[in-house]
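This document opens with one chain alone, in C-alpha cells, the form predicted on its own.
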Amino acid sequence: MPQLILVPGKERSVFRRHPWLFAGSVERLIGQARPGDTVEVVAGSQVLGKAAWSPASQIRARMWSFDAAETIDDVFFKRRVAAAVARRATLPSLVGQSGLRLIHAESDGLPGVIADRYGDLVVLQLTSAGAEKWRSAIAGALAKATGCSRIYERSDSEVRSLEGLEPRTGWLYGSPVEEAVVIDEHGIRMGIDFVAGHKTGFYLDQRDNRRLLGQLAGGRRVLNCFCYTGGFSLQALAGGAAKVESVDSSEPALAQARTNLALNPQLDAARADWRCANVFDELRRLRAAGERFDLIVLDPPKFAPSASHAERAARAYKDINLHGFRLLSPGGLLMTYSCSGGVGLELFQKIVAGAALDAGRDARIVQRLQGAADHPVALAFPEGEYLKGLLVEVS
C-alpha cells in the first residue's frame, strides 16, 4: 500500500483524530496512488491509520480510519454506514421524521459522504476523491442499511471541483420517481425537489429551528428572508402567525413553496405572501416604506465557504442584520443564521452585535441555535459545526 509520509510534527492533528491532512503536512508519497486510493499515513516509523489520497486538493488526504490495522473495503463501508443509520434510530427527536440526514460526512467517519433520506428515497452526495472511489460500496451499504428502494446521486456541489472531480447526478438504485416526493416535518407536508433543489433538495438541518419558529409565531407579523421552499413560513402559519411575508430571489423555489402551502390545506393561505426579489434590496424597500415586523428570519445562503472569504461575508451578514434590526417592532425577535464554514460563532455574534449597535437597538440573545440532531459534530472536527444561529430580542 502507498505510504503518505508526514512532515515531522504534523502528526499531532492525527493523534487528536482530526480527519484532514493538508498539503503542508505531507513530506512525500512513497509508491503510486491515484485519486481516492487508500494510503497508509506514516509518522516516523509508525503507521497512524488509513486515508484517501487526493492530489488535486489542498486537503491532500482524509482519514478513513485511525486504526492502522483496519482494512478499507466494502465491509468497512457496510459497517460505517450501518452504524450511522443506527445512531439516528436512537435519538428521540428524530423518531417519526420522514426526512432525515443519515450520513453527515466526517462526523460519521465518512469524509465527503452526505446521505439524506426522504421517505423511501435516499439522496447521496459525494464530495471527496475517496468517497468517489467507493461510490458503489457506499450506495450498496445504504440500500442494505435502510431498505430504501431508490437512491439518487446529487454530486453536483461546487466543492467537487477542488478535488478535481466533475459534477455527477443520476439514479444509482431503483427507477425514477414519477410521483412527487413529500415528507412530513412536525405536522407540515413538504415537497422535495431532489433533482434541481439546493443541496439534496431540502435543508434538513433547520428542522428543529423551524419548529421553534412555529412556537414563537402566534399572533405575530413574520418576515422570512431567503425563504427557499417555505419551511420556516409554513411552520409560522401553523403556529398562528397573523401574517407571513416570504422573500426569495428564486422563482422556482417560490413555486415549490406555493405548492408546499397547497399540500397543507389546514393552513390559511390568505395569511401568506410570497415575493420574488433580491433580499438586500427588499429589506431596504421595506425600511423605506416604514414597514415593521414582530419576528424576522434571516437564513441566507453560504456567504463564506472558507476563511479567506470571511471579510466579504461579514459585510453581507452585517448588512442584512442591520436592516433586520431596523425593521423590528419593540419587543420583536430576530432569528438570524450563518451556514458559512468560514465564519465562526464568535465572529458571527460580533457581526450581529455590531449590526444592532449601528441600528440603535438594545438587543439580547435569547437562545443559541444549531443544526438538528441528525447533523452531529465530531468533537475532533469543529469545522463540522457550519450552521450557527441566534435568537435575539430587541427592546
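Residues carry their position along the shown sequence, with the first being 1. This structure is a prediction, so every number in the text was calculated from the model and none was measured.
Just so it is clear, the following notes concern the form predicted together with a small molecule, a form of the same protein that is not shown.
Checking Ser149, Ser250, Thr169, Thr259 for any heavy atom within 4.5 Å of the small molecule in the predicted bound form turns up a single hit: Ser250. The listed set Asp299, Glu106, Asp294, Glu245 contains one residue whose heavy atoms approach the small molecule in the predicted bound form to within 4.5 Å, identified as Asp299. The three residues Tyr203, Arg210 and Val279 all sit with a heavy atom within 4.5 Å of the small molecule in the predicted bound form. Shown alone, this chain has one stretch from 84-92, 211-219, 195-203, 171-179 that lies within 4.5 Å of the small molecule in the predicted bound form by heavy atoms: 195-203. Although the partner is absent here, Cys227 is a contact residue: one of its heavy atoms lies within 4.5 angstroms of the small molecule in the predicted bound form. In the predicted bound form, none of the heavy atoms of Trp134 sits within 4.5 Å of a heavy atom of the small molecule. Proximity of Phe232 to the small molecule in the predicted bound form: non-hydrogen atoms within 4.5 Å are present.
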